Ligand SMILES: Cc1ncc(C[n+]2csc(CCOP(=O)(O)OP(=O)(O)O)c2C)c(N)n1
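In structure tokens, the next block holds one chain alone, the form predicted alone.
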């Protein structure tokens, strides 16, 4: 037997994680550069003790960071992973019961977004010597069931360390999934609180540096040849670029391909940044929240080339975006699950960078027609003019969200990162934000989790700082999402990490309010108003006396309040400039009119309207719905 080291399970796990390295070509970085932890009886003597011990003996081995909410810990890890193109992420340790359960939402978010996050929820006693322990979930039909079993459907990997000896195989299997670009997401290792503190003789080999090389599979020759033949035969090809292009660092290869061929590009939310906004072939977002330019050309395209997209219902506009009856799909994805999605005729299972490089070689000499090139230019110019008009200050006391986005855009630097997740902002940003850097656009829209914005933005800033990059992270958030989860502002203040938060106050849920109108529910339950006891609803005129600026000020941030009035947009521009010049976190509060909308991109989203109702508004909405539904296809192609 080789050399061993006497350690607890927690100490061994922490030291093991500290020696894992992700290698992507010439880039080598720590897979888990740090750990978040909120301690309770389930982990204070296990993971908590291990982190304390290493903090005393080797402070740089596994840095520990506080968080204020378990869900937000994982959101930070996801934001970090996005900025590091999935090469690194944080571990998040929580206690038994409610602490662990608080991470469930974030686990689903990580998995849905195909972004790595390592979750270490504590579990009840494996020995059951203390049974039921405080905060233990008991089910009489399955005594072995715990809160942590809820992570199973939310994780790409799940296991429970029931005995100390299981740690080796579980930890190694977890790392494989964490660093696998086709399988990554939430990786969950449940740790019973007694096992965390048990000792074992750990082989030194387990604790040594280990490298995990990111797979970059090349396309197989047969599928590649069939894809190339389809593209060469196309009159109006169209590229849908998704997050896989970003995670593969394939922006240069995409740009080279479209420069050579002239093929236009529409992006999913995760694909924002694959090309700069002013690139001639970049038509902006595509789908339900896409631009009119991208959606018009997508509707007529005869070959759709999906690259690194999972084809969500927003990207396909609920299967209405691609209307050419003879459309053919070439779908490039590292995950076969996504490559074959929606009955794609020509799946190409490969890394985006490798596939784009091969396509560029095989398509040498191919160019779209001059007529198509001119059409692309006209559509792009028309949409750019529409955005310019939307950005113009109206002089209204309460500006619309498009004006606010334009003001923030005008004072941001090209490299700055905008972070968003839920509400009406993702749709408006997808249409309007002019991305000027591959990492400049981070809208979490796979799970579209209200409350992600501040924690995710903090994680994104951590990711940048880890690379010595001091560009600003601008979190744009509505009052609805802000009220869901804002406490990581305290974390930013505690660590002196700078964020710029633009809080758009519209006293309710702007996005769902608008959607409620379209389905005939007349914004019911979407306003923040005082409760009307007689009408038994919240639809009155009395706005709540809530002061979110004061709330942010109480956390220790610098706060700039924009007063309603004709100069609100100019004042906002000045505030953003002031925030950028500061080295502290700044919270900018502005009131908006939620009834002012961005230019229409002609996208549709399938939200069913009741077939039977006593409300006339619902009847009218049903008629419109059936008309739109008529263009929906059973498969995208």
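Owing to the predicted nature of the structure, the values given are computational and were not obtained by experimental measurement. Numbering follows the first chain given and starts at 1.
Separately, the form predicted in complex with this ligand exists; it is not shown, and the next lines address it.
- When contacts are judged by a 4.5 Å heavy atom cut-off, residue 481 counts as touching this ligand in the predicted complex.
- Under a 4.5 angstroms non-hydrogen atom cutoff, this ligand in the predicted complex has residue 508 among its neighbouring residues.
- Under a 4.5 angstroms non-hydrogen atom cutoff, this ligand in the predicted complex has residue 423 among its neighbouring residues.
- The shortest heavy atom separation between residue 544 and this ligand in the predicted complex exceeds 4.5 Å.
- Here the chain stands alone, but in the predicted complex its contact with this ligand, taken as any heavy atom within 4.5 Å, falls in 500 to 508 among 500 to 508, 429 to 437, 149 to 157, 117 to 125.
- The contact residue chosen from 449, 489, 274, 283 relative to this ligand in the predicted complex is 449, the criterion being a non-hydrogen atom within 4.5 angstroms.
- Out of the listed residues 519, 566, 512, 260, 512 is the one that sits within 4.5 Å of this ligand in the predicted complex by at least one heavy atom.
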